[in-house]
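Each of two forms of one protein chain follows alone as structure tokens, named structure 1 and structure 2.
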Structure 1
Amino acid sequence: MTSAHTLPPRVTDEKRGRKLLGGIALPVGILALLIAGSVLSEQFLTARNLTNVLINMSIVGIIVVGMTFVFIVRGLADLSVPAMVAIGALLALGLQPALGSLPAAMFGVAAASCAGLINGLLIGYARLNPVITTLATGTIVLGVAQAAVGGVIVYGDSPGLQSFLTGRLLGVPVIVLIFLAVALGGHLLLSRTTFGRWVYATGANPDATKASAVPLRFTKGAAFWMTATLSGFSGVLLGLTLQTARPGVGTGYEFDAITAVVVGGVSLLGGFGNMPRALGGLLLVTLLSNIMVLNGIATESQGLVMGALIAAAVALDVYLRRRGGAS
């Protein structure tokens, strides 16, 4: 594998240029939003509102951890996320009477994980298009989930577990602590392990990676398996926290995760990015959304702002890629 000291000029220039997005622009953008939010709304810097921001980040943030791996291996995106969230939430609540709260929650995660394994095999080993494959898998899984509950809302019966997840430990919401643990695990896996090096190699130069000892197919497939598993886990937490779930409970989570990762400077074209950048993008997007809600911005207008933010981030990513390639 190529070491950091022997990177070709193109890669070196590209990484230097990307500091604009992740090293400077992202922190400055977050600081600007904190200032703007405090000016535009008296409620913004209150402990209650900032705690709500962290809680809202947590459910999506767990998915962002997996989606970061998908982006870096050049997997484009995982569009099965809403279905995995839904099946995790529905099974965690729907199976409580038969299995009990914790076994039902584990079953929900396992179901999403099995669907993710199918994604991984089809994309990593059969080399099918990731977008089409995850869209198809998600449609099937969501159909199964809807059939399992009859297309109705499912209610849970575990007030003790709900109280624990919505409670605090050392003053910090438990759901936030769970997210931080997942994020730390994802960061260490990506930055400190052999698998993490495989992920970067797979996304940076797939053709060269084929000639090395890197298991290209396994690595790409594992990224999609991981994303589905974490999405299912996120759905379980969502269901247990709300004690209610419906087949469409995961709608929009894939868009939120993709937005966070792209805005964080993780390349859609693979091979570049890290967990802190992705989570920084998540924080920026969550703060922006919170400011718009506090100021009564219409939902349609919020969508336009987020869409424009994604377009700008992708355009910058492509520009930096071309600039690196032209050097």
Structure 2
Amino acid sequence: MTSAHTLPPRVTDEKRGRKLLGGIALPVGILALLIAGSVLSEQFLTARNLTNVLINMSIVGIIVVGMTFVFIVRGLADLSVPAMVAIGALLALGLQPALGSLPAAMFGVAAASCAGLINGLLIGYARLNPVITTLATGTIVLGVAQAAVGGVIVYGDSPGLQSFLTGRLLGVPVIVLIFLAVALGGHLLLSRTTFGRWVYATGANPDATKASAVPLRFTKGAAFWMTATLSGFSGVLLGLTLQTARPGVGTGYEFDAITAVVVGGVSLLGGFGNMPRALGGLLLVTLLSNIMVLNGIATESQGLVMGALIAAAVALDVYLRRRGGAS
């Protein structure tokens, strides 16, 4: 139990080769991309481009931190992310005239957090199917957010926060620092706390976990609450940096986050994975996308590669643990 996060029970010693493959596939992939990128384009390995990659990672990365918890707790996926991003962005900008920019931003996060609480109660305590529940709450929340601002594009009017977020602190973009802080917090919560142990235990074997008096419902609900809150936070950051928000602003973020987590090798079957893996997956996906952009491949067509990448990553994951009895 205590070593649940270092030694997944499904991998036994005789499959050391497979375990090794699962461990090194991601770093090798990232390294290969770095080499391929610098060969294909001379702009790739410049400080400016790599900073851009980091900034692009940050907004999705904050959501990835939450989604990792959902995956490990065997909650399948949170599909309400776009709505939470949208409500965060819309409220943070729409309420600026009334509340001032910082309270409006906090209100945006709080609104997403409340919606996440509903998600958590319904999925954790009422034990509803996570996919359909987050689909429904996402639809409702997005509708409410649109009704609140009249379904139009909202513009921000206080450039103060924007210049702070897009500025740099000690040479690092502030938004990247925020992302790194959230990622570090998530990593410590998952690997160093009792709650983190509960998350692994809940995902690995719900029945045994319940018998061990772990608050199963709380753990599962908390994972969804965290994801919604982080998505709202991410939406606020997105809205403040862009200074505009429309209801569709969060579209696709749920799939981006799921792609990153899946490519990182965090298992959809629950109980396995960690934060560095998920963020490694995110780095790989962002680098790949960056290389394609630099080589003139349209964003819309990049899905041809991304779709294949997701399928390949999960197929590898399934292959590596198929004989562990978790099909």
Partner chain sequence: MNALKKICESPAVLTLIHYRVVVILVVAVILSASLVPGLTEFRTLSLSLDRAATLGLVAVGLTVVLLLGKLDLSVGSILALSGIAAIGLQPQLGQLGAAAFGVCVGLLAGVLNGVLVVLMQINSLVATLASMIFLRAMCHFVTESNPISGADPLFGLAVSRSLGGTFSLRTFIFLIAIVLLFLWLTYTVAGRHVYAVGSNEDAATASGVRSGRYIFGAFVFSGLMAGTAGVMQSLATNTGSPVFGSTVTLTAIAAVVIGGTRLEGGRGSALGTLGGVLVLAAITTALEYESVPSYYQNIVTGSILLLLILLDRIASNSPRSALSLSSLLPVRSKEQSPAR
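Residue numbering: structure 1 sequence, from 1. Rigid core here is just the name for the largest C-alpha set that superposes within 1.5 Å across the two forms. Here the structure is a predicted model, which is why all the values come from computation and not from measurement.
Participant: Between the two structures, is it 1 or 2 that corresponds to the form predicted alone?
Facilitator: Structure 1 is the one predicted alone.
Participant: Following rigid core alignment, is the displacement of the residue 38 C-alpha between structure 1 and structure 2 equal to or greater than 2 angstroms?
Facilitator: Result for residue 38: no, shift under 2 Å.
Participant: Please state whether residue 302 has a C-alpha shift of 2 Å or more between structure 1 and structure 2, with the rigid core used for the fit.
Facilitator: For residue 302, whose C-alpha is compared between structure 1 and structure 2 after core superposition, the shift is less than 2 Å.
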